[in-house]
Each structure stands twice: as structure tokens, then as C-alpha cells.
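Before any questions on how it binds or moves, here is one chain, the form predicted alone, in C-alpha cells.
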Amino acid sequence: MLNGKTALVTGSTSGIGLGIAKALARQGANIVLNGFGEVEAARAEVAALGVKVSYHGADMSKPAEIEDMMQAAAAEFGRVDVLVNNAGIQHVANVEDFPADRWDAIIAINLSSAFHTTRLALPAMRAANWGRIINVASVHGLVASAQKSAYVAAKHGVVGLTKVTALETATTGVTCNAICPGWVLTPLVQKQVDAKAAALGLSNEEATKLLLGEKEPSMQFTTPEELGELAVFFCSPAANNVRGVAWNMDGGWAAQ
């Protein structure tokens, strides 16, 4: 379905980003990976699916590096057909205790980076009259949780940016949508489970139930693979008129 097209996925060396990159690669898209972490392992996993893979180590808090990444992707593959804004970081604290530098970093990486990649990808998408912009927001783009002011603000911002981008491209072959996962079992979340288990003297299984039980009625994690398949749907002809949605895959979290 995506043969000959190129997908750039930010924050894609592990977790959700890697899951989405692999799902798009299975559809034939060449992939531009980005992020910190196990770069070579991620590259090998995607390359094994028979597509071309490149990597750019842009720090998503730095607009100049984002511009360099977008230029490099266009130079290598012609243009970015599918843009997946997934890079994100987290910090947890009450508003009055929230370090200002952490706030700035979260807004930069979780929100501003999506603006920069989008503004740089759109001209070529408009020229070709085809493109897919998929913003990985969060259920926290729809509802809030205590102690996550910067993350919730950023993710609500991503949902707003998604809607505006969708409206501005509404009469074109370019679409923009957001995916809003609940708990996803990524290395980041596993650390939270481990910390909860250690702090409360629980087994990993008990800590997992506690974590999910607070918010997610299904009592199960969403997987990166499931999120990847939703991204594939957004890229399909069936989703030509799906525009500006914030599609939650959250086990019923936001339905409460």
C-alpha cells in the first residue's frame, strides 16, 4: 500500500515509535528513524522487513536540528510522504513544584517539535496532493491526570495542532490525525511498573494491575503493534476523509 513512499517517525528507536515504523515498513514504506537509544537494533528490525532505512539523530527540542533532519530525509528519499510525530518525554510533579526547565523541555519535545516537522513537511505534501500526518498524542490530550501539567498541556496542544492542520488541508489529499493511546507497555512504562512494585513491595503483576486499575477499564495495555495498525489505517484509502480526529486507543479510559 505504501510502496515507494517514505515515512519519517520521530522517537522511533523503541516503544510506540518503533512499532509504528515497523507497521508502515510492512506496507512497503521506506523509513527514516529518529531518536536516542538502541539505534542499530531498531535499524536492523526495520531493515529486516525489506525496506530502505535511514536514521537521523536530531534532538527534537532543537528547531535547527529538526530542519536538518527534514532536509536530509528529502535529499535521500525525495520527500516525506508520511510524517509521524511521536517523540516525547515525561516529568511528574505538582504545578508549584514543577521545574521550569522540565516544563520547557516537555513543551519543546512533545508539542513544538510536531509544529516544526509539520511546517517543513507540508509544502511537498501539498505539491504532490498526498500526505499523511499522524500525531501521537495521548489520552492525556483528551483528559488530565494530576502531576502531569506539562505533558497534559503539550498533548492537548498536539490535538489542537492536529485539528488546525486538518482544516488547512481539508480540500487536499493531505490528512492530519492524532492517535491517543492510554497505557502502552513500553520500556518507559515498564520502569513505572517496576518503581511501583519496589515502592509498595508488590509483585510485578500486582503493580501492573494497580497501574491499569487507576485509569484503564480494560485492565490491559495497548500494544505498539495495535497503534501501528491504526497508523496504517490512517494511511489507507479508506481513511481519505478521516480528518482532524483524536482517536483514542485507551481501553475505555476517556469513556468514564
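Please read all numbers here as calculations on a predicted model, not as lab measurements. Numbering starts at 1 and follows the sequence shown.
Note that the form predicted together with a small molecule isn't included here; everything after this is about it.
Taking the partner from elsewhere, no residue among Leu2, Thr6 and Val245 has a non-hydrogen atom within 4.5 angstroms of the small molecule in the predicted bound form. Residues within 4.5 angstroms of the small molecule in the predicted bound form, judged by any non-hydrogen atom, belong to 185-193 and to none of the other stretches in 22-30, 185-193, 45-53, 200-208.
Contact check for Asp68: every heavy atom lies farther than 4.5 Å from the small molecule in the predicted bound form. In the predicted bound form, the small molecule sits within 4.5 Å of a heavy atom of Tyr151. Looking at Leu122, you'd find every heavy atom of it more than 4.5 angstroms from the small molecule in the predicted bound form. Within this chain, Leu83 is remote from the site of the small molecule in the predicted bound form, having no heavy atom within 4.5 Å.
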